[in-house]
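Given next, in structure tokens, is a single chain: the form predicted alone.
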């Protein structure tokens, strides 16, 4: 049975979610900005209490990751992602969420075959391609320096 192209086009238009680009961008900006502002506030607090800059930056990162993990555990971070889109997925908090969410989802299957196998389901490709891209760029830089191009 062949489906009419017009009919199929109407069906696709009906089931495809409509996105409001400017509204989505504003939400991403607000969400990402809030996360980054929170990080800056934490960094300033740690510096104000006398920490060295490197230590303060490390503690800020740890606090942001811990906050993301806790919010994911209480099923709040997925709601933030739903509202803020890429603004919540791009910062380090989004990466932490992508590691924790599968672990929570598959914990019933056990520590090894549930959490151990599924924990990097979402984050794994990011890590893989991040490492590969770093390696490729490092190789290109080394070749460029060896040839005198850089």
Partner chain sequence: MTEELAAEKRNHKMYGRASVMFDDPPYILSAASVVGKKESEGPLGTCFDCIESDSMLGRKTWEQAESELQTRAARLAVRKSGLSGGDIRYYFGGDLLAQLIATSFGSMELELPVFGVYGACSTMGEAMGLGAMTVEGGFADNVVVTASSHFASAEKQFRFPLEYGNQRPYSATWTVTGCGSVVIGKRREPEREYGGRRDEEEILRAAAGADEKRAGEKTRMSVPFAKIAGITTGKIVDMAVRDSMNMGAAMAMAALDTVLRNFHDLGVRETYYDRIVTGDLGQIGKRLLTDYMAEAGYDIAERHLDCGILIYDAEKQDTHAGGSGCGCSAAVLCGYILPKIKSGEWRRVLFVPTGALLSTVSFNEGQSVPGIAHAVILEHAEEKNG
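All values derive from a computational prediction rather than experimental measurement. Residue numbers count along the first chain shown, from 1.
What comes next is about the form predicted in complex with the partner chain, which does not appear here.
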Among the candidates 12, 21, 139, 131, the residue which, in the predicted complex, approaches the partner chain to within 4.5 Å (heavy atoms) = 12
Would you kindly say which of 108, 41, 48, 112 lies with a heavy atom within 4.5 Å of the partner chain in the predicted complex?
-> 108
So, in the predicted complex, is residue 85 in contact with the partner chain at a 4.5 angstroms heavy atom limit?
-> yes
Using heavy atoms and a 4.5 Å limit, would one call residue 64 a contact residue for the partner chain in the predicted complex?
-> no
Decide whether residue 102 counts as a contact residue for the partner chain in the predicted complex under a heavy atom distance cut-off of 4.5 Å.
-> yes
Going by a heavy atom distance of 4.5 Å, is residue 149 a contact of the partner chain in the predicted complex?
-> no
Using heavy atoms and a 4.5 Å cut-off, decide whether 30, 37 and 92 all contact the partner chain in the predicted complex.
-> no
